[in-house]
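Single chain ahead, written as structure tokens, the form predicted alone.
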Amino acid sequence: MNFDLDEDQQLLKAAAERFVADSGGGDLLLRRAARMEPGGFSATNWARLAESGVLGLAVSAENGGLGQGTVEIAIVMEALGRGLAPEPVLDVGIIAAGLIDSPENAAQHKSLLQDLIRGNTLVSIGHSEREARHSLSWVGTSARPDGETLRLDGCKIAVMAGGGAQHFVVSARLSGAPGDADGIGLFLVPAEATGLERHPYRLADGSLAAELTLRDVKIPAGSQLAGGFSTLKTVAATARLAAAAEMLGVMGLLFDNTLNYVKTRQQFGQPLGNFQVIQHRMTDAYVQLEQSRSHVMRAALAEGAAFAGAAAGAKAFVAEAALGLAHTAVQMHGGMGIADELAIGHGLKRIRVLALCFGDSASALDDYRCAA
């Protein structure tokens, strides 16, 4: 099988790498400054991503996006991961945009999607709940019809990029019991809605997430998006692949930095890399990196019904491998490995956040086994 990128894919990869380079990729001072901005990322770089079309990467051409496939998504996310880009492309451009991207949605929803693609508005998903334990179908938040309106009650945790979002896609239950796949709806809720309380907080990687409390939040009945749990499952599979690809990019950065360090750092009159135990550890890290690349490639090339299982498997494997490689990188650098002065610590923290995207490794592995 030929795994070479075609001309369009090579251009897309080059564009993503150029964005990383031009936006100060590798400059940790700029990254820390971006994390301190109101949304937890650089507004200037967000506008540049929108202009390049990256925010519409996974959106269908009919709705104004690039309509790219899973291979192209993996290519871009790996490049962004290698550059430790703080912009929430995964949370907004892949997940939120994917939930809104449907030909059955109303005109106002498509208009919001256009604003998202252009970088004019920030939309994030409120789905996770404390009782869910990584179960995608566990939704306790309720949506009660009331004439021409709907009333939402519940609580959402770990709303990624939710600290600065202007709109939320909230999952809520119209019928059934928590854990049932049937009866789940997706609803657009403006951040200023009466009864909605947002509590922003920082995640390990410095990104700005939020917890949402909905107390009798009243929204128009037309705020419901097309689809439901089936749409959520489809987007979750794509998100798992994107998260695995971004972790792969971070792994490549950490491996290269660590390899360069052990080749130049002197101990007992010789480079650290001359010691056999260091060589063994670096060999193991290289194997983790290349096996992760194979899993991401396999998932990106999977088609039809096989894709969700392959994406779950890739996410489960890469999350564990990435954490293992990151811990090796930290240990090789000693105490400086976890400090903010080096990319190593930044990469480890980013991997820890990505590893929990739509479930931890154990839940992703369960989904992989069920799909096999």
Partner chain sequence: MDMSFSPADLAFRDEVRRFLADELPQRLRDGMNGTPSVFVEPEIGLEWQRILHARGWLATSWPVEAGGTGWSPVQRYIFEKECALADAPALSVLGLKLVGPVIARYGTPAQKARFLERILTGDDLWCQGYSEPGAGSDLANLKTRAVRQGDRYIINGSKIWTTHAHYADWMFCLARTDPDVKPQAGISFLLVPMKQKGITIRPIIGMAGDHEVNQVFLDDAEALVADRIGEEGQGWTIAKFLLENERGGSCAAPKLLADLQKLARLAASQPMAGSTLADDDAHGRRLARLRLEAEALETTELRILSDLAQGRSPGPQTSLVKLVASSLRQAVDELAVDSFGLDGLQLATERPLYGNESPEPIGSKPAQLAMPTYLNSRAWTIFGGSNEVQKNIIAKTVLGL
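Being a predicted model, the structure only gives us computed values, none of them experimental. Residue numbers count along the first chain shown, from 1.
The same protein also exists as the form predicted in complex with its partner chain; that form is not shown, yet it is the one meant from here on.
Peer 1: Partner absent here, but in the predicted bound form, which of 174-182, 217-225, 150-158, 286-294 has residues with a heavy atom within 4.5 Å of its partner chain?
Peer 2: After filtering at 4.5 Å, what remains is 286-294.
Peer 1: In the predicted bound form, which of the listed residues (Gly313, Gly40, Gly65, Gly345) lies with a heavy atom within 4.5 Å of its partner chain?
Peer 2: Going through each option in turn, the one that passes is Gly313.
Peer 1: Please identify the residue among Leu203, Ala191, Ala106, Val71 with any heavy atom within 4.5 Å of its partner chain in the predicted bound form.
Peer 2: In short, Val71.
Peer 1: Residue-level question: is Glu320 within 4.5 Å of its partner chain in the predicted bound form, judged on heavy atoms?
Peer 2: Yes, Glu320 sits close enough to its partner chain in the predicted bound form that at least one of its heavy atoms falls within 4.5 Å.
Peer 1: So in the predicted bound form, is its partner chain close enough to Phe187 to count as touching (4.5 Å, heavy atoms)?
Peer 2: So Phe187 does not count as contacting its partner chain.
Peer 1: Does the 4.5 Å heavy atom contact test between Leu196 and its partner chain in the predicted bound form come out positive?
Peer 2: Contact with its partner chain, no.
Peer 1: Please check if Gln279 has a heavy atom lying within 4.5 Å of any heavy atom of its partner chain in the predicted bound form.
Peer 2: Taking the distances in the predicted bound form, the answer for Gln279 is yes, it comes within 4.5 Å of its partner chain.
Peer 1: Would its partner chain in the predicted bound form be within 4.5 angstroms of a non-hydrogen atom of every residue among Phe255, Ala362 and Tyr368?
Peer 2: All three within 4.5 Å in the predicted bound form.
Peer 1: Could you list which residues of 247-270 come within 4.5 Å of its partner chain in the predicted bound form, counting heavy atoms only?
Peer 2: Phe255, Leu259, Val262, Lys263, in sequence order.
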